[in-house]
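Just the one chain here, laid out as structure tokens, in the form predicted on its own.
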């Protein structure tokens, strides 16, 4: 029996996950089921990116939140229309600030190459001087830009391109940040790498929150373009009216289901492409080399492998995938909300998905994403129902009953911690473990 389950583990577990989703559709509503499915697909993309870093190479990245936010920023800067008045008010000074940044980097690299004996002090002096000059131009530019119709704009806007272009752009933003982080931090030990990525993630979020000229900060960017039609536009279509009549539902519900289905198809297509590429990479000579480095770094170095360079490659690749997931999430929400990025949702939860599903196995990471997101969504209503059942015989003013009902709202983090502990104790390799000997 055990051999049968091991042979059919992946189809059986995915079938069970599909049945759980169908139960929500039949038991609650199909709009809720599709909402869970869409966010599960996005979470699967992010989990896949983390698995590329951790499962392939053993890199402990705790800065997932920052790379997801950069993906969302890529959508804003790509798809939103530009604000001409803002460009007129601060565009020149902003361009000069950008030139100062480029010049500072170029000068620092030149000095580091030509003056190796003074590399450290000279670099610090150049960077400090460049920062002062950059702020001289950036501060008046940002003030002028943020003063332009600050209630609804107050930022530069984007390029006005199709929103789907923002998904790979978001991946490129995350990859660029990962390259900079990797050049600095990948030489560190794993625990120090975790601390570094966590700190840099918080810095990214702080910059996005406070630089209003770039993304409106905590004022949020709303009204992002959509790759699918709006529900209100579909409700006037005859085929939607016929569909609603056929299934004996209202037009609003039918249009909402169609829109969510279209999102699901888009997200599934992206996940399918990334999964195919990840599997090809995993089973290629490059993937075998990465796992050899992960399992025994010293032996790989002794064989002449450039471990730091390979780690940089996989760190950039995984962060790019996380950035694409962040761009997809911002598109689904229809707004960019920097204050919503928190480590619990965008770092800890993704790590639980990877660990529960099975690190080192792409199929396991995707399954873990769907399962953990399903539990995350269903924990609060099921927790409230359980507490109501347990306290049914108590008086309405009973202190214990009140305490238990109030505590139902905290079932989500409790269940995540419990699942993580149970997995680490009874299935440390996850639901779909990495295959050995491949």
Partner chain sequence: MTDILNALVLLSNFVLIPALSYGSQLALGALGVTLIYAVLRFSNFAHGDMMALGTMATIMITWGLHAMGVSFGPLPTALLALPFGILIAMAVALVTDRAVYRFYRKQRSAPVVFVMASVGVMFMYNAITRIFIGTGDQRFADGERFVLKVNEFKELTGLDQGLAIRTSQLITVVVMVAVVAFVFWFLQKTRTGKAMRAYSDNEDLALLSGINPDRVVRITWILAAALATIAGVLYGLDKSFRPFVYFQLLLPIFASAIVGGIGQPLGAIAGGFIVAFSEVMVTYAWKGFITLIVPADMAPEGLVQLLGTDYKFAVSFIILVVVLLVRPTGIFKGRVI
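Between two forms, the rigid core is the largest collection of C-alphas that superpose within 1.5 Å. Positions refer to the first chain, counted from 1. These numbers come from a predicted model, not from an experiment.
FYI, the form predicted together with its partner chain isn't displayed, but the following is about it.
- Only one of 200-208, 243-251, 227-235, 314-322 places residue heavy atoms within 4.5 angstroms of its partner chain in the predicted bound form, namely 200-208.
- Taking 378, 35, 371, 62 one by one, only a single residue has any non-hydrogen atom within 4.5 Å of its partner chain in the predicted bound form, and it is 62.
- Contact with its partner chain in the predicted bound form, judged by any heavy atom within 4.5 Å, is made by just one of 106, 92, 184, 289: 184.
- In the predicted bound form, at least one heavy atom of residue 344 sits within 4.5 Å of its partner chain.
- Using a 4.5 Å cutoff between non-hydrogen atoms, residue 25 does not count as a contact of its partner chain in the predicted bound form.
- Taking the partner from elsewhere, residue 414 is found to have a heavy atom lying within 4.5 Å of its partner chain in the predicted bound form.
- In the predicted bound form, at least one heavy atom of residue 54 sits within 4.5 Å of a heavy atom of its partner chain.
- Annotation: in the predicted bound form, residues 191, 355 and 420 each come within 4.5 Å of its partner chain through at least one heavy atom.
- In the core-superposed comparison between this form and the one not shown, residue 112 has its Cα shifted by at least 2 Å.
- Once both forms are fitted on their core, the CA shift for residue 12 between this form and the one not shown remains under 2 Å.
- With the core held fixed between this form and the one not shown, residue 23 has its Cα displaced by under 2 Å.
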